[in-house]
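Form predicted alone, single chain, as structure tokens, below.
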Amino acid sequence: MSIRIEEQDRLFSLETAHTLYQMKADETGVLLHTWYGPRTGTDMSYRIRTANRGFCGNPFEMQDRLDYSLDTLPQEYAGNGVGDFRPAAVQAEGPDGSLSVDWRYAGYRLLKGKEKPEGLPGLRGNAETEGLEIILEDKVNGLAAHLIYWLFEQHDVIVRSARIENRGTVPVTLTKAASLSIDIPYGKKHVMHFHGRHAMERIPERTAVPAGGRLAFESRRGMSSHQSNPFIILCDPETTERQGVCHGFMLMYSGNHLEEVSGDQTGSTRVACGIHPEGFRWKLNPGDRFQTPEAILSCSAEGLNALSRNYHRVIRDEVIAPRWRGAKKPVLVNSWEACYFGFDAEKLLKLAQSAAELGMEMLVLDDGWFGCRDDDTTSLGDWTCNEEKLGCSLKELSERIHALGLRFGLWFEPEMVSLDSDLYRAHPDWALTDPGRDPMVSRHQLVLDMGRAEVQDYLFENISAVLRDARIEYVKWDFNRSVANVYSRALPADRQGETAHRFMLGTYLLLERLTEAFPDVMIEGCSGGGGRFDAGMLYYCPQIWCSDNTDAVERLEIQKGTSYGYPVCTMGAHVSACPNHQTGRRVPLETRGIVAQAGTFGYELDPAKLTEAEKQTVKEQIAAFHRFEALIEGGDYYRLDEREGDYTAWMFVSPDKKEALVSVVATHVRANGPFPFIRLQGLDPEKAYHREDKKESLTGAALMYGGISLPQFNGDYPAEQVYLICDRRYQR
């Protein structure tokens, strides 16, 4: 059994394939965090030392133990206002204004069969998935915290969440409810976070955790955001891609979030992750409960690459819907950069015909097909086809595209409404706006109040009508502005602090209804590109448009940063036209194809404008992607960071280690430069591998320690791709 409980010592040990997560309730009922790291088979509470530290108070019942303070003990889920001056996991306000929360152990329950958190996405698991619920309570304010842990043993993943319950007789208002809080005792730490901006998302940055200070990574934009992804990594200073201890914390949530990392006076590090508390107020009447989003935790003692692969596997296996796990995805062409708003049916059919001739398999019609939408100033919310613009119905267009041998996809932006729209004129109260105040406008649009059932019903019925009328296999679900004026006309004044979270619950519910009603329609998430790239959206959308920036050189950095937490099969990536529409950069078509292969692979251009030589290259790219798709999307991914810094390299290795695909892009070509030697990873050191175009074979050990030699690079952004395979003829 992977959960061991020693009743007498109140010790809880959760074991995965390689890690141990351990907690212990001490003599006062405080739940201590004792260990999260490699398996030890030991009660790790021996490491907890106490001392009388100045200005660290003592609980009333321990007032004679000057060395015992909540301010210095490593805790599992921190309370508030009772002597621990580090960031709290929960903050609550009673009707008398009291703010204190004092958690004490009140029992546990073993769980069997993964349960989905109420109203939220969660790791799927199965009937055999084991879990543990530990109950903490505050007997004064009547609150109870149900700490829930689910084990995904073979993935080396533990999933945490908390359910806060009002067991008292008077209302209590939550003002903070983290999904997790954890103290890592002793030792300097670094934290990696993934910041950015529109068209340049998830840039990794690594910094030391300040002693006595606090770092906060956050979004208050109503979405997980381009600016700060809800995923951080805590690691030892010496940790690299290949070695060292590191811990990952990924919040499975798409709205406002906060990740706090603080160093304390004892040298410990506290991590807390959850819904952002700013503007959050959730009223709990007696008997009510509040469920926090799940957080996906993983630990590796073998460096950052190994940690990433834990996340890649668990997202592929337990987050993405079973219908789409390992499913072959069509190579698509998206209409946006090919024609923007300027299209009719004939233009789209010419685009489809050109795409079909090159081997593409789907046309996705992007923005502009509905209402009176010829630019971004109008018609969001009016989800009826503009037949006058198209020159035919959407059903007729779909039938003609399918007759060419292509599938058909369609763009929606469900959570938004244009000021100039029939929907807004009929229901202005359905938008998030403050009473008596002109709203903040972005792209001439407002945000719908997704917490309202009538808004969800309207969107479900209108989107369903389109999907039922025309043959549509794919939906691109966009979200193109941050959320401001967070005020719901459907909630009373004392519940306005619930609006932002109810917005996310409503979006998730709408996605749930649509995916159940149309299980064979694949939804790609999008938010101005990568503004809502998170595990919560991946529960409903098996892939997310990685960034609106389609420049291949910029995409190297974006996709690499994304890879620390998310698998390649989730990253929407396309070959776009040159010069690039965002940067004006010119990159060889061959290089653009290799970069887009490190994603879901498609095209964002007009195939008819390609030269004959370019068309032949596109045919070869599509054939190569189909050949390597299983390896790329289901293999183990490795970032190959080399000291020179003149190129970006990565590779995929099949689970049986019998084949590998290595990709290298030179970002800085030097005159009379050195020969690149790329040290590979993940191969079987005892197997021999050969390139298809060469007879010689090299052992996996040679390729990993000595590296693979590539020719000197020349020109602008050249790339090289090497396919390695082993078989009996080439074994030692």
Ligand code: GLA
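Since this is a predicted model, take the numbers as computed values, not measurements. Quick note: we count residues from 1 along the sequence shown, nothing fancier.
One more form of this protein, predicted in complex with this ligand, exists but is not displayed; see below.
Only one of 545 to 553, 606 to 614, 239 to 247, 80 to 88 lies within 4.5 Å of this ligand in the predicted bound form by heavy atoms, and it is 545 to 553. Although the partner is absent here, T433 lies well away from this ligand in the predicted bound form, with no heavy atom inside 4.5 Å. Although the partner is absent here, D367 lies within 4.5 Å of this ligand in the predicted bound form, judged by heavy atoms. Contact check for S576: every heavy atom lies farther than 4.5 Å from this ligand in the predicted bound form.
This ligand is not drawn, but in the predicted bound form it has a heavy atom within 4.5 Å of R443. Think of it this way: in the predicted bound form, this ligand has a heavy atom of just one of G602, G131, G528, P185 within 4.5 Å, and the residue is G528. W336 is the sole member of W650, W336, Y149, W282 with a non-hydrogen atom lying within 4.5 angstroms of this ligand in the predicted bound form.
Residues of 102 to 134 are not found to place any heavy atom within 4.5 Å of this ligand in the predicted bound form.
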